[in-house]
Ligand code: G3I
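Shown next as structure tokens: one chain only, the form predicted on its own.
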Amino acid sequence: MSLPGSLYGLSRRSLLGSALALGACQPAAQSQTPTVSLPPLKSIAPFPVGTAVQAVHLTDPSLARLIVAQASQLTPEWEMKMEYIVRDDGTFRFEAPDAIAAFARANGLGLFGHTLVWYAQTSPAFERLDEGRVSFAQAYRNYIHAVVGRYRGQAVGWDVVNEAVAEDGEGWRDSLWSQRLGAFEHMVLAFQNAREADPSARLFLNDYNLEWIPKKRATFLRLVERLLAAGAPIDGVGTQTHVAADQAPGEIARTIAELGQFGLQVHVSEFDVSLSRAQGLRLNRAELERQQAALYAEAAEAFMALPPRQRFAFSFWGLRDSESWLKREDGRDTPLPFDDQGRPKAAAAAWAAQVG
């Protein structure tokens, strides 16, 4: 017998669960960066402006207001990933992604799904799958159908396969999915299953460090070519664009231009510019912030250089510095367009100047 909401059967849509009873401790103001006056970013840009969120962020009224004012699209930061959705017994939970989806729907925002297949995450339920009940390929399909199907008609797109290319650019990453379904075959299957589950959603291959490691970018481009040649229903490519302030000028622009060569939609999917991760620079903070603003401008200008039909969205990996994953890594970092209090920074102004 199929278990609804599990690897063994498709999930049935349930009522939205109760609001998460989670709390967040907001750090005290630390940014000394001068702020600027700007209209809302989404009112400036001729394409969707996205941001990453967690369900708990939406319980902060000031942050919720900032998100609604500035963004037109939401990406769940981690709560649509397998580590959240799949319980150890193989059943699924959707409380947090449902809360994000409900917030997006209530406020007229798009929803972007992130992510279906990622080498870095497997579930114990998949690792000990009872092949006597269901094949690995069928459980894989059931999972993708359950997740994509739940948000069918709302999610505008999905990161179907995330970070498939090896860090050094030497081929593709090894994973449970590649071991059981084939190094290339598991990617094609993921795209096919996602298309079945929601024919209208745009489907993306997403990766990071494409700007920093040219060899990795070349391997990524070859993978896109092979997926297209195999008939995989891939609609777009995503470049995360987590960069540091010492990123070589021109590489972001080069990456976006090269990704655009296929005619597919391009998603700058997780943009931020770290000050703390800049290595070997004898620069003071003001100089690092100037370099940060220059990279914001470069990314915006390069994205605007794409044909309008290829500009899927430009998504920041958060809006306020206080919510950034990089801030959790180093409390001195300020990688996002708004400071801890939600005020636009020089980086935001540099970005806006290129898209307005």
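What you see is a predicted model; the values in this text were computed from it and never measured. Just count from 1 along the sequence shown to find any residue number.
Same protein, other form: the form predicted together with this ligand, not shown, and the subject of what follows.
For the three residues 72, 296 and 354, a heavy atom within 4.5 Å of this ligand turns up in the predicted complex in no case.
Stretch 238-246 is the contacting one of 238-246, 256-264, 134-142, 99-107, since its residues have non-hydrogen atoms within 4.5 Å of this ligand in the predicted complex. Proximity to this ligand in the predicted complex, taken as a non-hydrogen atom within 4.5 angstroms, holds for one residue of 174, 83, 89, 130, which is 83. Put simply, of 219, 209, 121, 192 only one has a heavy atom within 4.5 Å of this ligand in the predicted complex, and it is 121. In the predicted complex, this ligand sits beyond 4.5 Å of every heavy atom of residue 198. By the criterion of a heavy atom within 4.5 Å, residue 47 is excluded from the residues contacting this ligand in the predicted complex. Contact annotation for residue 328: at least one heavy atom lies within 4.5 Å of this ligand in the predicted complex.
In the predicted complex, no heavy atom of residue 59 sits within 4.5 Å of this ligand. In this stretch, 50-66, the one residue having a heavy atom within 4.5 Å of this ligand in the predicted complex is 54; the partner itself is omitted from this view.
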